[in-house]
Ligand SMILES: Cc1cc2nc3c(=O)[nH]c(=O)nc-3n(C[C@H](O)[C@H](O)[C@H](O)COP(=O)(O)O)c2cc1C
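Quick heads-up: it's one chain on its own, the form predicted alone, in C-alpha cells.
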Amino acid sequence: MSDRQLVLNLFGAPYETWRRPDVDTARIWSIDALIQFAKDAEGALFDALFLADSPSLGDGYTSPEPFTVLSILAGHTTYLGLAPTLLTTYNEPYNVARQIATLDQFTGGRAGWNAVTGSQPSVAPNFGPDEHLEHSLRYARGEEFIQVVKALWESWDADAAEVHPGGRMTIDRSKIRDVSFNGDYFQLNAVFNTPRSPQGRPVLFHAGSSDVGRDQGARHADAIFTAQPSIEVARDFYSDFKRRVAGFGRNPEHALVLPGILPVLGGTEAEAEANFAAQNEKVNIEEVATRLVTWIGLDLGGNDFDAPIPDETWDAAGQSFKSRVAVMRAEAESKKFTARQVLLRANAAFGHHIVIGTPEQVADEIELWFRTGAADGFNYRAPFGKPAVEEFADHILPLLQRKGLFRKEYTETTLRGHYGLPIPPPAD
C-alpha cells in the first residue's frame, strides 16, 4: 500500500440552503458557533477549513467576510489549516499578501489563500465599476495579482529576521529583496514588511476549471479546487491538469487536485436516498432558480421545471462562470435531468460530486477516486452545522483510517506539512 495520504478539507458553506430543521441558520453570525465548528473540524482531523466568499447581497443571503472569521478561529485551533477566499478582482495584492502572511505567522504556518477572480456580476457595484470585468480580463488581472503576491511572500530570506533573548528582533535588510512590478494592472516598487512564512510560503489554492483557469492554476497553485460530478470526467480533469503542471516545469505531485464531494448518509442505500429526498422536499425551488440567475446566469424563467433545460437557456448562461455551467450542463445532458433535478442538485452541491449511500459506500467511493487518478483528496462539503462533521468523524473517518488513507492523529504542524508538500526554495 502506498504511503500517499488523502487530503481532506472541510468546506464551510457560508449559509445553509437546505434549511434543515436541526440547523439554526442564524449561527452563521454567531462566533461561538463558528468556533465550535472549527474545533469539531480539528477533532475530525481535517487538514483545513476552507471558506468561500461572496461580498454581495445579490443571492439574497448574508455571509461573514472569511478572512476575519478565520483569524478569530486561529486562536481556538492548533493544527487546522485556515484558507479564506480573497478575490483578485476586488482587492490589492500587497494587502492580501500581508493579511495572509500575518495569519500564517500567528498560526505557525497554517494559512492558505484561495486566489479566484470572483464570478458574480452583482459584486461589481460594491467596488465602484459599473460592470463586472469579462472573463479573460479578470484572469489577466488575476495573473498579475498572483505574481505580485508570490514575489512579496518570497522576498524575505528565512533568516532575514532574528529574534534575540528577551524578544528583541533585528532585521538584516540585505536579505530582503525589493519587489518591482510593472504590469497592465499593477505597478509597484514594494518592500514587504512581513517575515518569511514558517512553511516557506502560505499554501496557494486556485479554483479555475476553464482553459485559462487550468493554466493559471497549473502555473501557480499548490492545490486546485474543482467541481467534477463523476469519476470519468474527474479523471480527465486530473490527467489534463497534471500534464499542464508538468508543462510549466513543475512537479505534478506538488499540485494537488481536490474535487468537492457531498456525502448523504444512511444505514442502507435506500435510507440514504430517502434522506436526500427528504432534504429536497424542504427546498423552495423558485428560490433556487432565482439564486442560479445570480450565481451562473442560468435563467429558467418561463421554463417547465419538469422538462429538460432547453439548449438556448444553457447557451445564454455562464458568461461569468463558464466552467461551472459546463460541468452542470454536461451532467444534466448525460443523465437526462429535468430542470427541477438540476436545481435540486445545484442547491445541494453546486456541480460537485454527490455520493448517496452507507458510510462504507462513501469511503469506497473516496478510495476509488483517490487510487485511480481522479483526486488527491477532497473538499468535503457539509451542511453548516455540527451533525455533518459528527457524521464524518463517527462513520467515515474510521473507515478511511482502516484503509490506510488518512491519519489517526496530526503529525505535522503546518498546512503544507499536512498536505505532504515540500517547502518552496527561496526565490533567486
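The numbering used is simple: start at 1 and walk along the sequence shown. Treat the numbers as computed from the prediction; the structure is a model and nothing was measured.
The same protein also exists as the form predicted in complex with the named molecule; that form is not shown, yet it is the one meant from here on.
Interface membership of residue 40, defined by any non-hydrogen atom within 4.5 Å of the named molecule in the predicted complex, is ruled out. Shown alone here, residue 119 lies within 4.5 Å of the named molecule in the predicted complex, counting heavy atoms only. Shown alone here, residue 76 lies farther than 4.5 Å from the named molecule in the predicted complex, counting heavy atoms only. Although the partner is absent here, residue 87 is a contact residue: one of its heavy atoms lies within 4.5 angstroms of the named molecule in the predicted complex.
Site annotation in the predicted complex: the residue of 197, 347, 323, 155 reaching within 4.5 Å of the named molecule with a heavy atom is 323.
Residue 138 is the only one of 220, 138, 329, 291 with a heavy atom lying within 4.5 Å of the named molecule in the predicted complex.
Against the named molecule in the predicted complex, the set 7, 353 and 377 makes no contact: no member has a heavy atom within 4.5 Å. Judged by heavy atoms within 4.5 Å of the named molecule in the predicted complex, the contact stretch among the candidates 32-40, 49-57, 365-373, 396-404 is 49-57. In the predicted complex, the named molecule lies within 4.5 angstroms of at least one heavy atom of each of the following residues of 207-224: 207, 208, 209, 210, 213, in sequence order.
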